[in-house]
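The form predicted alone is given below as one chain in structure tokens.
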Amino acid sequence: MTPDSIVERLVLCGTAPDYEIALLAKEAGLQRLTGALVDEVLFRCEQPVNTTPVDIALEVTHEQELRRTVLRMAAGEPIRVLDAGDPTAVVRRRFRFSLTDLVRRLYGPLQQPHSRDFTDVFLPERPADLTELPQILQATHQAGGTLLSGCTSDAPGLGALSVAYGSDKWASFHWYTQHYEHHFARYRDRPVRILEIGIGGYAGDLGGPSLKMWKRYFHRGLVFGLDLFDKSALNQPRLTALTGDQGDAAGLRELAERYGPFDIVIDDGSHENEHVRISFDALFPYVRPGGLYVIEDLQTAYWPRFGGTAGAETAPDTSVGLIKRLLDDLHHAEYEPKPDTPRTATQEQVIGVHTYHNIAFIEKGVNGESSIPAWMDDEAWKALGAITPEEGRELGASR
């Protein structure tokens, strides 16, 4: 089994019966599963605040087997995994979880109560210098809280995560996360697949802040990012950076065939109006029914240097023009006269268009609601006791 397939199976096991976790342990081995779980815990951990360095052991058990990972925590430093048998390790605290309980903590439903699902041994050995005991007690308490912050599926809101990871989707040029919170809430407990076009990064910076934000927010999500440049150095469990051109429709379809279908696609790429249209046409077919396609930075529809239209009304070939067309497609059943051509894919599949300042959310599903029957003429309306449109106009004119 590959590391990616192990992580994907772990995500699904978060809500699966216990025997599925036992089967995965048999196929992959407890050592490999523990490594994947520790990676996830470290990603979710808050930054250590203990100024005195502390070593904490995270132990995972399954049947008669136990795997221990010793973590060194200190304020201002990344948490380090110590080599087995490291002579400098002095374990001040031990947390022990069963494999099943830790999988459920990380990949189970949000806001589930977790208590008495682990054992905790605080200061298993007497410190050599008791004059240091006050500092050791405080640091061990703080480091234990840091570790447990990573052993949960709960996460701060997207605004806080955006600031924490350095994304510009909140409190910057944009105020998008409030809309993302509203539309993404129903997906948060699901094993979603997310593709974001545009990884970012300038002057040698790899970028990827929003990819990490999505990974933390969707605790069961698999996150993919697409960029013109190779950003594979960002790859980690549940996060994969892909290389490609959003203006290349064939390349986008090939990518989607391999990594899709997706529950959510976010276009935060070049913002060139032509690229926005190409990406939507290529990738919307690979959004799952019930999924969302998001287009950011609609302001470029009004900027000629991005292929937009100067003035108060955008042209059909802009991103806002695309949104206007989708609104028409959503209401295709109301067209008069009824078209004699087959319905387009977006007429059949767009079920909602939600637009805010510079961002739009397009819902995919079955647009099968019928309209008023075509045979409903004035005579039929009169039979229902209704006022015909012509009578309404005459009534209005007489007032």
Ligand SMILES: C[S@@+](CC[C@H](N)C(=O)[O-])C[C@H]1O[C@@H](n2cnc3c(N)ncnc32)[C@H](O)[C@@H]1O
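Numbering starts at 1 and runs along the sequence shown. Given the structure is predicted, the values throughout are model-derived calculations rather than measurements.
There is another form of the same protein, the form predicted together with this ligand; it is not shown, and what comes next is about it.
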{"property": "Location of this ligand contact in the predicted bound form, chosen stretch of 316-324, 97-105, 281-289, 225-233 [non-hydrogen atom, 4.5 Å]", "result": "225-233"}
{"property": "Residues 36, 190 and 216 all lining this ligand in the predicted bound form, heavy atom within 4.5 Å", "result": "no"}
{"property": "Contact flag, residue 273 vs this ligand in the predicted bound form, heavy atom cut 4.5 Å", "result": "no"}
{"property": "Interface membership of residue 144, this ligand in the predicted bound form, 4.5 Å heavy atom rule", "result": "no"}
{"property": "4.5 Å heavy atom contact, residue 263 and this ligand in the predicted bound form", "result": "no"}
{"property": "4.5 Å heavy atom contact, residue 168 to this ligand in the predicted bound form", "result": "yes"}
{"property": "Heavy atom within 4.5 Å of this ligand in the predicted bound form - residue from 244, 156, 127, 109", "result": "244"}
{"property": "Listed residue that, although this ligand is not shown, lies within 4.5 Å of it in the predicted bound form (heavy atoms), from 308, 269, 221, 237", "result": "269"}
